[in-house]
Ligand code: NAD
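Just the one chain here, the form predicted alone, laid out as structure tokens.
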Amino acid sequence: MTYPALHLLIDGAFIGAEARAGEPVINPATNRTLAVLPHARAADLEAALQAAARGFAIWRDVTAAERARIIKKAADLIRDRSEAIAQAMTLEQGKPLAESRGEVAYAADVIEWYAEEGRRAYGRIVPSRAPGVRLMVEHEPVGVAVAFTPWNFPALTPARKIGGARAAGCALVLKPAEETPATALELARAFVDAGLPNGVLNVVFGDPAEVSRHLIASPQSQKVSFTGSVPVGRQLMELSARHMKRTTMELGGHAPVVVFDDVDVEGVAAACVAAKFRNAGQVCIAPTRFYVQEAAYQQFVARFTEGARSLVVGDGASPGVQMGPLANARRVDAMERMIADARARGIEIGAGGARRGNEGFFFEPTVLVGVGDDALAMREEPFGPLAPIASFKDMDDVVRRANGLPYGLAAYAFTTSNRRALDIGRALKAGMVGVNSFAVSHPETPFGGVKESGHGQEGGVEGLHAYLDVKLLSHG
């Protein structure tokens, strides 16, 4: 597999290192350098913002139909280039190639959906109280948006922000994760090749704190969209508030999974294994705290543990691999810290619990059994291949525990009772709740959380409106 050259994208031009500082991009399966990523200088950041301002002046006046044509063409180019993009993603992020292919396809679907929905950014006529007065509500693009995306989904997360901003008529300066730059750059290349005017999309990299301060503080930017951790989200919220910038924050989660004793325990446990260890557990909406009703607990633990032990772990580029490495050494350290806490508490480790091999960032699929609510893994988001399982007695008990953390991104429940399905779906405090399903992310539906998991949504019509201002026109 070939890893592409890395650049910045400013005002329609791909810019190489050219005496700029940089950093190595590491293959997490081998710990070897794939390429050196150039960092944007302060002058580059300012050039990207100025280019975005010029691009916005052009793009906002392009008809919705013409915007849709260009965005749709970019989605088609991404599909045409999907194999090369997927290979680059696996090399830099580590996930199995099958998962990378699926993510690229999903990213193209998101972009295409926004192309279509941008043609339906409807306003409305409001009946007036006074004769001769016409009240019209319109939606206008916010302006220049700045966006920050993480390394765990290097195609899908940028696609949501690029697609929403493009369809609304905004320009965008995007800073993807420095650990997974090639995937986002290839998405941007598809937009350039589709005929997007210069400056409407810019991609920069660098020291995250320096880049975010420059982009958010600039008077050229009007909107901030961030996907990442709660602590960093707080910092960017504070910075945005100083400059009165609109924000969308999709932050961390710690999704509870409630399994009632009336289900097909074997089938639900197998589904939980597949969902939990997807992308090595590095998924913001991953099921992470498993609460199983007492009568089904032992059977669920046995089946889940068996499934975790049977997963094929290895280089995501190798055939048959079901779980790749963690994306970086920080995640390995986090897993070891949670395992140490579990051991200190006498918690049973039903599977895994250690690094694997002496090359790359591999960690065994890990199951913690009989976990108390005070354990570190139940209080902090693992964001890795670690699954704590606990038992519960009844609805009141599990709702209290499931809602007991400050997170509220996703939650899940499994039951065959229609009444119980309605009750638990309403009781779980999260922006997205899956009942008898882990499928809570779709191009057409809102994606976002509540409580400390953030505010605002991406995806669905809500993701388009995040880049639109509302204006009332009163004509007398």
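Numbers for residues come from their place in the sequence shown, where the first is 1. Note that the structure is a prediction, hence the values are computed from the model and not measured.
One more form of this protein, predicted in complex with the ligand, exists but is not displayed; see below.
- Every member of the trio 177, 226 and 381 reaches the ligand in the predicted complex with some non-hydrogen atom inside 4.5 Å.
- For the options 340, 209, 241, 133, the residue carrying a heavy atom within 4.5 angstroms of the ligand in the predicted complex is 209.
- Scanning 148, 361, 205, 290 against the ligand in the predicted complex with a 4.5 Å heavy atom cut-off leaves one residue, 148.
- At the 4.5 Å threshold, heavy atoms of residue 284 reach the ligand in the predicted complex.
- In the predicted complex, residue 235 approaches the ligand with a heavy atom inside 4.5 Å.
- Under a 4.5 angstroms non-hydrogen atom cutoff, the ligand in the predicted complex has residue 252 among its neighbouring residues.
- In the predicted complex, the ligand lies farther than 4.5 Å from every heavy atom of residue 73.
- Comment: 244-252 is the region of 244-252, 81-89, 346-354, 388-396 lying near the ligand in the predicted complex, near meaning a non-hydrogen atom within 4.5 Å.
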